[in-house]
Structure formats: structure tokens, C-alpha cells
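One chain comes next, on its own, written out as C-alpha cells in the form predicted alone.
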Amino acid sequence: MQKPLRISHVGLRGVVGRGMTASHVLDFASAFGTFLGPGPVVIGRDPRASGIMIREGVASGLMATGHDVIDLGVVSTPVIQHAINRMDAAGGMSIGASHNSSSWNALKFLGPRGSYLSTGEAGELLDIYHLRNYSFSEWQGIGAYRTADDAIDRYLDDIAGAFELDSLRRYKVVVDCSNGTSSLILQRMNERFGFRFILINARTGGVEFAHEPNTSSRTVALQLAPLVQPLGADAGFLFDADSDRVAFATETGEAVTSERVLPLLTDYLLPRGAGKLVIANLSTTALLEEVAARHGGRVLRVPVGRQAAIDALSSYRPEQVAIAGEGTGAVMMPRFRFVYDGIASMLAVLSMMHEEGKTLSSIIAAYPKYSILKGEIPLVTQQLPALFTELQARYADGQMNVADGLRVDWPGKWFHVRVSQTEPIVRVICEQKGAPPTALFESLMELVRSYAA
């Protein structure tokens, strides 16, 4: 069985009540308030039913450590990140479990630039939490609490400055909102800018979702793709509950894996900017190297996790980086350097269609075929060293990378086995140019299961 609570450098994530409790929330908020420098802290949440309870604990912990709290209400993490920069805040906290089911919730910690914490910063926060070394204020120094109801509009102001929205309004687009924050943003875009987004699963009630709020190709194929062609739409997009990940379907009703989002936008952005570096994690498709090479770009592979991407981004000047992202459909573009933003990614895809004068299906058809298979096995911690030792011995003929679990590459084929940072599972990913690497994948899954038993 999966453990209902996970505390790591990524933050706090768990099943509310059975794993993640109010005391966890208060402690982590107090630790984060202690960690941050002076200034207000911006918070927001996704629509999950547990969000209000958790918001109260977050606000209490932050105010107790002397910070004013600015509550944006139900908004996406990208909206919170934009607000942190705009308000010159000390940092922010996002309450929401993105792609997990409605029983889960999570705390995401954001620094003064609106970015996710670096590995070093996350380690410092965890030290404060584990030591319970909180800096509580005297009664007269306790922070104040206020709400702000214009965060989505101010976020859309930034979006309008980055994209030629007038040229994109002609597209008819179906969007599966997964009962998440994208519903509120896209409804407002329809009102303000005259878009024709057709929204499904747009109700933001948080007791249950219409389907698991993830961006897998299976979810696209079952929920979104069958609607695109009958509605005469030019494209379909699916978001997770937090709107930071996106996947899509073509106008013909073809479900496209979220792995294609980063290569597609790399192909779009590399020739349009000075930066030639593409930052991606070890679990992301090898199509990325082919696309980057077309434009003289270079792919930097980092461990999975947003801390690793932030560490890498911070090591380069802004003008050196063309794009950063991962195979889940989470992408950071140069204009919004530290923000994984599914809404911005969708608009970039539509911009590519407009500027190239092509349908989405014709754009996708131009890329070589890569087939990726993904699986997961419940985690058994004590078995992991032996598992990775056997994997290295069994696949010693490939090129190995042990920066995050084990990735092994051969010409035209690779696999990655690693422990998830957000869920108590071992992930198995295999990719091959052309046909799916079924035999390799099944062999790896069988081996991992033998250690998880």
C-alpha cells in the first residue's frame, strides 16, 4: 500500500487526515515563515475540499512568525508566482496536489522571485522543520491577514504582454479543466479577450474530480480527444488541477502524449531567441535532443524534480536558456523564467500554429516517432540498494547515469528507473525510436516487482 504522507525536498504531500494533518501544516508553515526574510507572503489554493482547512493552518503559521499574509483565493501556482514578483513579496505558498486525486493535498514553497526553492534552500527549510526551531513573534509582531481578488486579472495582464492574443482568438479550442484552476483563468480569458475556449469538467468543486487530474495520454484519449473533431475545434488541451501541466489533442482527435509538449515548444522557441540551452530531466523523451540539434541547441539533463531544474536555471544567465521543462507537460519559457505554466504553454502552441500556418496534426506528424512506456511499483525502501545494484549489473552494456536512480542509454533506446519524490513508488520509464520497447519494459517491471514483493 502507498504511504499516505511524503515529506521531502519537494515539500509536504499526503492524503489529508490519514497522512497529512493540521499539525503538519502548522509546523511546515511555521518553518517556512522562519526560513523567509522579512515581508509579506502570498498564498493560494486549488479547489480541493481540504484546501480551506489547510489555508487556515498556513496563514496561522506564517502570521505567527511575523509575516503579513495575502490570500489570493482559488488560483493556480503560476498565478501565485506572478503575484510574488508583482508584490515584491518575501515568498509564497501554494496549497494543492496538482495531479493527485481529491483526497490528497500538498504544500509548495516559493521563494522571493516566485521560483521553487533550490536544493539548498529546501534542505534548510527541512532542517528548521525537523528541529522545530521556529521564530515565533511576540503578540505585537504577529502578521496581518488580507485577501486580494484581482490576482487572475493581473496574471492575464502579464500573459497579454507575452503573446499576441488578438491573432489567437480565431482558434476554437476545447479544454478539459480537470475541475481545477484553469477553469477560472480560461473563463476570464473568454470574457476579457474574446476567446472561444469550450470548457469541460469546469466545475471547481473539490470533493471529487471528474477524472484523475493528470496529463497522461490515456486521460487525453478517454476524456478530451473524442470531443475535438465533433465540436469542430482546432485543438484540445488538458490541464492538471494546478494548471502548471498540459497535454493536448489534435484537430483530428489524436491524443498526444504530454512528452511532446517540451520538444514542440523547443522547436518553436529555439530559433526565436538567443538562448541555445534546453534544460530537461532524465525521464524526458530523447526526441528533445533531435529537435535541439536542428537549431544548434544543447540539452542539459538533470535529476527529476523542480529543485534540480531551478538549480540548473540559476547557474546560467537568462539569455543563455531557451526553455526548461519535463515530460509531464510542465514547461518554463524565457519570458517567465521560473514558472511552470500550462496556460502559457497552450498559448505558445497556438502561436506556433498561427505563425507556421499549419494545423496541429501536421506539426506533430513532422516529428520522428518515439514510443515511451511508463509504469510504477509501490515503494519498499529497504530493497532499493539491491535493486539498483542488479540493474547496473544486468544492463552494463549501456551508457549509465546515476544522478537520479539509474538511466541507461543505447542508440535509439533508453530506460530510467527512479524513486518518485512526490509519491511512494518506483517509476519505470522506457523509450525507443520507432516501435515501443515492450520487451525491455516488461523485463524491467518484472525485476522491480520482484524487489517490491
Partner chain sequence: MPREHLLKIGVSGIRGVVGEFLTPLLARAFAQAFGTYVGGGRVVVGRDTRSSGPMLQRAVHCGLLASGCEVIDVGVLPTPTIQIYTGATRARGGLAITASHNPPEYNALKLFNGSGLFFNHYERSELLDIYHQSDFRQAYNDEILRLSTETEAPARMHLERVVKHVNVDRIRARKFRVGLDSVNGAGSVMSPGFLSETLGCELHAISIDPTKPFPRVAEPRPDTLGDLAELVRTKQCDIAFGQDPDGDRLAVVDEHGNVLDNDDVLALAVMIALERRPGNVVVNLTTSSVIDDVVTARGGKVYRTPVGEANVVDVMQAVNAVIGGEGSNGGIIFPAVHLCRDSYTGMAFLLDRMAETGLTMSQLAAQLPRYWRRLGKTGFEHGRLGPLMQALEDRFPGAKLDCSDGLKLLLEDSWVHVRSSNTEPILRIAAEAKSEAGVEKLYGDVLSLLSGR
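Numbering follows the first chain given and starts at 1. What you are looking at is a predicted structure, and each value in this text was computed from that prediction instead of being measured.
The same protein has a further form, the form predicted together with the partner chain, not shown here; the description that follows concerns it.
For the residues Tyr171, Tyr145, Phe163, Tyr367, the 4.5 Å heavy atom test against the partner chain in the predicted complex is passed only by Tyr145. With the partner omitted from this view, the residue of Glu355, Asp88, Glu138, Asp149 that lies near the partner chain in the predicted complex is Glu138 [heavy atom within 4.5 Å].
Residues placing heavy atoms within 4.5 Å of the partner chain in the predicted complex fall in a single listed stretch, namely 44-52, out of 44-52, 410-418, 385-393, 424-432. The closest heavy atom approach of Tyr134 to the partner chain in the predicted complex falls within 4.5 Å. Not displayed here, the partner chain is kept clear of Pro436 by more than 4.5 Å at the level of heavy atoms in the predicted complex. Contact annotation for Asp68: none of its heavy atoms lies within 4.5 Å of the partner chain in the predicted complex. Not displayed here, the partner chain is approached by Thr21 to within 4.5 Å at the level of heavy atoms in the predicted complex. By the 4.5 Å heavy atom rule, the three marked residues Thr284, Leu347 and Ser351 all fail to count as contacting the partner chain in the predicted complex. Contact residues in stretch 22-39 (any heavy atom within 4.5 Å of the partner chain, taken in the predicted complex) are Ala22, Ser23, Leu26, Asp27, Ser30.
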